[in-house]
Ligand SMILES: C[S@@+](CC[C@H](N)C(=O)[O-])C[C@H]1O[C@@H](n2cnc3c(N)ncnc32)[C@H](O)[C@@H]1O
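A single chain comes next, written as structure tokens; it is the form predicted on its own.
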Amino acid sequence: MSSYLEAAAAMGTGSLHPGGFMHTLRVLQRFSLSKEDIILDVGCGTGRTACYIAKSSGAYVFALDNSEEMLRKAKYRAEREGVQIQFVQGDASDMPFLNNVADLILMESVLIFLPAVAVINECFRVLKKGGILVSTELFADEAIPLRAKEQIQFTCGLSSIPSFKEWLKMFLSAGFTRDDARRNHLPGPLENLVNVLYPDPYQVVSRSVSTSREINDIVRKYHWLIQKYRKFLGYGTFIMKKV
């Protein structure tokens, strides 16, 4: 796990992905989920999205992550919210699920940290025919300065930052068809205030945050870099279907 992901786990943030929880809610409004649906949240983190889905729809939710700390905080959240979720510690590129079982798979800023092609292929395998994959991922414009790209990759422990077209090609090459795929601008400081309307009541910050200068430095540098180079960055909302 990269230093950035370790810092994110320690902070316990429920919606660190681009667009925040507000974007999650907008995306989920597109779907009419029911108790009969099987939902898989890949890279669930502290479980905010998984818990919301379980609470709002009653769907059967699996939440997978490879971090013990993230899953510990996610289980705490589920207990506090009184929802039933099947938490699984595992590798997103080799998921412990049968073929053709999930109606909907969600990933929020997950692929960029992983071997994306392998994970996308796993999602295709696990989804039912007609199932939907929803992925929210950071992308970089081709015009981004090389130095800027290298700084972001180094800070976040990324091997690359694909362009919007490169992300889309990965999904299509795995066999998915495009239901919807759109570019979103990264919000500025004032726009980010909108997410204040959606506070996370169950965020658990590890004790190490108050004493670790490294954790705080990584988080501050990440936000500084994203704002500094915001005009070269964006996030894609990819809604892909297995036909």
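None of the values given here were measured: they were computed from a predicted structure. Residue indices: 1-based, along the sequence shown.
Only in words, not in the display: the form predicted in complex with the ligand, which the text now covers.
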In the predicted bound form, segment of 111-119, 96-104, 125-133, 162-170 with a heavy atom within 4.5 Å of the ligand = 111-119
The ligand: the contacting residue among 54, 64, 174, 218 in the predicted bound form [heavy atom, 4.5 Å] = 64
Hey, in the predicted bound form, is residue 239 touching the ligand, heavy atoms inside 4.5 Å?
-> no
Find out whether any non-hydrogen atom of residue 23 is located within 4.5 angstroms of the ligand in the predicted bound form, and reply yes or no.
-> no
Indicate whether the ligand has at least one heavy atom within 4.5 Å of a heavy atom of residue 11 in the predicted bound form.
-> no
Answer yes if any heavy atom of residue 43 is within 4.5 Å of a heavy atom of the ligand in the predicted bound form; otherwise answer no.
-> yes
Residues in 65-99 that come within 4.5 Å of the ligand in the predicted bound form by at least one heavy atom, in order, are 65, 66, 67, 70, 90, 91, 92
